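Single chain ahead, by itself, as structure tokens, in the form predicted on its own.
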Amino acid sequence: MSDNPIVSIRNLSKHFGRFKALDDVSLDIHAGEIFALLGPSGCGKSTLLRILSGFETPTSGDVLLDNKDLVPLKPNKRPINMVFQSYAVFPHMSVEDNVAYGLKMEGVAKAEIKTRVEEALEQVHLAQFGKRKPHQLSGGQRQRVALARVLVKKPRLLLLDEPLSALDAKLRDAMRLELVKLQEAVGITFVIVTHDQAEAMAIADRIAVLNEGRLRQVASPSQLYQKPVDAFVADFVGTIHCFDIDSAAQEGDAMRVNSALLGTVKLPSDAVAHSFDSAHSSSAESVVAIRPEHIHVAAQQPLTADVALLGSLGDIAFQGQHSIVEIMLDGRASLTAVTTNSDAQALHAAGTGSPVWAHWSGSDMLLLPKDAKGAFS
């Protein structure tokens, strides 16, 4: 992956009447990376993809590909191809003919078409299926036909709109690996739209999280998870428990936070989001947060924990390599903790409703603004 941007998006907005589908979005996509656009339904990710492909025109802003303005170019004049959610393969054509279709429309010589189709089918491991019709293929194979059909045109940029959503869970996991391997083999920049956090985290080199048309954060999967810019991003890319605070003040190298539920907790400086500004962010605009894997559950009150909350044991869900334990707190609030199966079995033996302590270290917490009011890399 190159550090040089292949795509530069600057102050991009798209309005549909009074509705702002995109609101002043700026980001770079690097050559050779898998870049994911992630967010809930209606966040603007599909609109951004359609602007890149040329099917929508921005209200304002610039879109550059290799430093050239894309906006005036029609979709068929852009060195960009798109794989749709439905794959859109032609049912009456063979696999070979599906893959060759775009080249035939461009008037490419027959000999070159044959060579390029063979190469594309090899890339997606379908060389032996060229004579078959789409109905003779599995869902994963039809997806690879759609990929081969765009790869054969050797685009500078490949756009994928929810590419795995039509597959069952097991095949979806397998195809995630296939997509990564394919991208590494062909070296084309992929831009993927998805609402599936696990899919984006597993596939992408970097992820842009959008909400309500605004860019919230652009970062690697690990950075998004470990250093979210605000409470929305932290919650969207994984499970997290957030607690309101009464005050937050710098104390040496640490941040002293007061919470009605948690009491007073000291957080190390690296637990404070860089978007948090203690001089300008009121306590009503900020939260402290903890992820379930950092919460421990004990039958006896811990002696050394920075935070310890008494509750009652709720449901225990076996997840294979670990279990999810629910701790019921006063006021019908609850926490979930990720535990080992052996610890979960010991808790299960105590029985639902038994008193338990949820406890954790202040060093595992995060101090986050509820809304960072902008994008951070």
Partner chain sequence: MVPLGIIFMYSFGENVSLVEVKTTWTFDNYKRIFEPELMTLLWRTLWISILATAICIVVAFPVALVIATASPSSKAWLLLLIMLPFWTNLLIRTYSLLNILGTRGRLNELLGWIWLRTNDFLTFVGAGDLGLLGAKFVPIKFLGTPGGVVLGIVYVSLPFAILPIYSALERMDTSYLEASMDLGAGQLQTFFRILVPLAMPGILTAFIITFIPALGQFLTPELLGRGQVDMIANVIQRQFKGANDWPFGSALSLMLLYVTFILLALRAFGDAARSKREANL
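Since this is a predicted model, take the numbers as computed values, not measurements. Residue numbers count along the first chain shown, from 1. If you superpose the two forms and keep the largest set of C-alpha atoms that fall within 1.5 Å, you have the rigid core.
Missing here is the form predicted together with the partner chain; even so, the following discussion is about that form.
The partner chain in the predicted bound form is approached by Gly102, whose closest heavy atom lies within 4.5 angstroms of it. In the predicted bound form, the partner chain lies within 4.5 Å of some heavy atom of Ala88.
Residue contact with the partner chain in the predicted bound form: Gln143 places no heavy atom within 4.5 Å of it. In the predicted bound form, the partner chain sits beyond 4.5 Å of every heavy atom of Ser323. Residue-level contacts in the predicted bound form: of Pro268, Gly187, Pro75, Gly263, one residue has a heavy atom within 4.5 Å of the partner chain, and it is Pro75. Taking Gln217, Asn81, Ser286, Thr194 one by one, only a single residue has any non-hydrogen atom within 4.5 Å of the partner chain in the predicted bound form, and it is Asn81.
Partner proximity in the predicted bound form, defined as non-hydrogen atoms within 4.5 angstroms of the partner chain, places exactly one of 47-55, 343-351, 25-33, 306-314 at the interface: 47-55. Taking the rigid core as fixed, one finds a CA shift for Glu293 smaller than 2 Å between this form and the one not shown. A movement of the C-alpha atom of Met93 reaching 2 angstroms or beyond is seen between this form and the one not shown when the two forms are aligned on their rigid core.
With the core held fixed, Glu106 shows a CA shift of 2 Å or greater between this form and the one not shown.
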